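What follows is a single chain, given as structure tokens, in the form predicted alone.
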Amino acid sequence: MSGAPTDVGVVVVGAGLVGLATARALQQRPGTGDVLVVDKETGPAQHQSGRNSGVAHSGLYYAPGSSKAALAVAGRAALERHCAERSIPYRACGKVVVAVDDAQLPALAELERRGRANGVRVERLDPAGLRRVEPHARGVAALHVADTGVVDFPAVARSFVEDLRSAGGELRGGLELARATPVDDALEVEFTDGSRLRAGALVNCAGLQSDRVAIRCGARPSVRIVPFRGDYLDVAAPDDDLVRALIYPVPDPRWPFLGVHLTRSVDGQVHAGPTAVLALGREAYDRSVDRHDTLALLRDRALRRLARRYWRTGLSELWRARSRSTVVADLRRLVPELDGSSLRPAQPGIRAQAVSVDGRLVDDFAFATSPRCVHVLNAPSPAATASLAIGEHVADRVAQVLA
């Protein structure tokens, strides 16, 4: 790297899995300079990276040839190797995707086609075969997806921090970006506490705040982040014995969500969820209303266009999120023996969903650039699974900025 002297080679904003994997990849590349990760939270993986179902996805759902498909397959393999090397809990348990009626069979067949095209191990099951894999699940047909696992993602994030620090990089918590301004051949980076530094480049991996961070860096993002709240439930004894591994429905192809499902985590706890409903705050995990975020949503033309297109589905999902009986009914379509009295509230999550200016949900990775900056504006599932592969991909983009 040449030009004006800098305090650090690259600043990465966001200490989630994608930000940390990107920083780790950059720190290991000669000529990048030291990497500094900053996050307004005090520790890593405080939002989406630490508030999810803990599933390492196979690549089943994604269109063959898409970046999501390629990154999911490569990223999961890299994640498995990393966890084995670092003794991080990972269980390759497989999962079933269940068609509960004949109307879902065409969508199930399309998932099977996609999975095979993406190199995923997929087996078609009849009802008897489904019972052999998941004795309490019921459906007219199912897919058994061997290349799916469960993992402790917060532990993975902590291991990325260890790798970054051992290579000479740094993570600073409690530090929020105010602005980044190009100056000569560098960036003047200012934080809300008044501190400043000079960097060769900046990477925005801020997740729920990524569009706002992009604007603070002089970018004009073509997407807006809309927060969707996902509520989870824990399945208590004795009903937790009804689930061996992972039981998923056939997803609605109109939405980038996988539907309410049942997952047994690496610690043995069975979770149910999540729902998907508009959140009135990007970090409103307690269902509170964030006035600033709510006003921004009301003023957002992209959201209004989205609402006009999907208002019936939105109302239905809002009812589902507020109605325990509706969630239980969905779960019992998959596992009829499940008793709703065994369900307990669990830690919720909020998904950063990018919406285009014309009101369409963005279902693939979205990037943008501004002077000496790379912005990861949308990193949807399987971002956690594929974080190591995504980190290398983003590092390649940063290398072009530094060249």
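A residue's number is simply how far along the shown sequence it sits, counting from 1. In this text, all values refer to a predicted model and were calculated from it rather than measured experimentally.
FYI, the form predicted together with a small molecule isn't displayed, but the following is about it.
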So in the model of the complex, does any heavy atom of residue 53 sit within 4.5 Å of the small molecule?
yes
Whether residue 97 contacts the small molecule in the model of the complex should be assessed with a 4.5 Å heavy atom distance threshold; does it?
no
Looking in the model of the complex, any heavy atom of residue 175 within 4.5 Å of the small molecule?
yes
Proximity of residue 372 to the small molecule in the model of the complex, heavy atoms at 4.5 Å:
no
May I ask whether 155, 225 and 391 each come within 4.5 Å of the small molecule in the model of the complex, counting any non-hydrogen atom?
no
Within 4.5 Å, heavy atoms only, one stretch in 63 to 71, 355 to 363, 332 to 340, 33 to 41 touches the small molecule in the model of the complex. Which?
33 to 41
